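Quick setup: one chain, the form predicted on its own, written in structure tokens, and binding and motion questions come after.
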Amino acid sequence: MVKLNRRLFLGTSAAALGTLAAPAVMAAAHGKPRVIVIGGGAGGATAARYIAKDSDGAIDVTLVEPSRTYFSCFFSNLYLGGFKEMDDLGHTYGTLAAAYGINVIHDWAVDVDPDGKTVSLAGGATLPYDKLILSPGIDFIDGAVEGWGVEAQNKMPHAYKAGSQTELLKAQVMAMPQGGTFAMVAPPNPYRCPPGPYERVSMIAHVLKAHNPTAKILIADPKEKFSKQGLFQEGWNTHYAGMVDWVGGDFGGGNVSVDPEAMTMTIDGEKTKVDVCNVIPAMKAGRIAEMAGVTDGNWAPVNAVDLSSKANADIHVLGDSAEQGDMPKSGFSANSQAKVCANAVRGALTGSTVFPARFSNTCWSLIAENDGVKVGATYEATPEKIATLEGFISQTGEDSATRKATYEESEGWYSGIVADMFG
């Protein structure tokens, strides 16, 4: 299996065995070429930083992100499990502005004019660009779960955009009555962080085992199988025996509705009173991608070699919003794609060397204290998609030392990716 360290992580996608011919320079009649990045997460912040630091001031980089503090979705389940504080997940943009000269604008991007090459902000400003990079994360598909809409998120939180929703879900779990029921509606494929819902179940089970040991967890899942299923179910049987009931698609898990007022969940006609209900709906690309005209209705198809939109060569889409092939929607994937995209955009605008695209991803999950597992792969760009080269996954029955080392590896990766995103 692949052992990841910070040095290997930071080098991923930044180096290659050879180089491609330098592209034709995109001339900018207005002076320095301008790149706008929308979305300040693992994809957007990384892309902005790499373009700014590697262009040595030759490119004007603007990052548009409404939140002044970024709370990472990755590791937010560990906050639910009591292994992290919310402050551990929060990161700011000051270094990107001060050390790299990035123009950081905290505002909402509300429209894109692909013909005029401008981005409109909620505050009234209009920003011109030569290249636009979209990394807006996910939005939810309206009506995906019968009875639930975003207006019900305070009663039945999704907590799939980290921050206040995560804090709300934890507070609800801690306030559950003894012997109560925690319910989850899991999403259909594809969605952000495939192992995420099941790590979340593990972390909530960890808390309930300590504070509410007779509580139950009920999962309604439209899928017949899920990421790391054998590893999670082994862990649930080992650490939380009798607590977790997973109802998959072949047993009616996709036929689900909720009633936020009555606090009930109905699976295949069987209604259950619940105390907490975490609804994770079907997902699609962040709305600004749709406004830019680069989605197929749900996701944004991109070219594997540089993450450019198949609908518009001057718009690139990273991370969760992109339909790119085999890579899962994860923070690691977004960061890896951002480096490839940044290198390609810098080359197009300045004539600098463009390296062949290489990608990698690892998704770690914590099942119980010091019981970490992982799955991942390396990838290459083909004419059709980002394609898997070689994969790996933790094995069932691993010893405790291996599982502890896997968890410690994930902690090292978190420190590394934060540095890679924010400097």
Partner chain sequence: MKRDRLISVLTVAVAMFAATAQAEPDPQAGETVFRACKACHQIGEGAKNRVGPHLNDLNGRTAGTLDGFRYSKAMQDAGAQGLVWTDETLDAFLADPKSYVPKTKMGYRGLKDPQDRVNLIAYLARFSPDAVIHPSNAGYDLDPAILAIKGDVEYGEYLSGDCKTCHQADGSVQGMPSITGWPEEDFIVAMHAYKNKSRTHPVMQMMAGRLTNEEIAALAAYFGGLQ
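Residue numbers count along the first chain shown, from 1. As the structure is a prediction and not an experimental result, all values here were calculated from the model.
What comes next is about the form predicted in complex with the partner chain, which is not displayed.
- You can rule out all but one of 340-348, 209-217, 148-156, 170-178: in the predicted bound form, only 340-348 has residues with a heavy atom within 4.5 Å of the partner chain.
- When the partner chain is considered in the predicted bound form, W364 lines it closely, a heavy atom lying within 4.5 Å.
- Although the partner is absent here, R358 lies within 4.5 Å of the partner chain in the predicted bound form, judged by heavy atoms.
- With a 4.5 Å cutoff on heavy atoms, L389 counts as touching the partner chain in the predicted bound form.
- T378 belongs to the set of residues with a heavy atom inside 4.5 Å of the partner chain in the predicted bound form.
- Residues Y50, K53, D54 are the members of 31-61 with a non-hydrogen atom no more than 4.5 angstroms from the partner chain in the predicted bound form.
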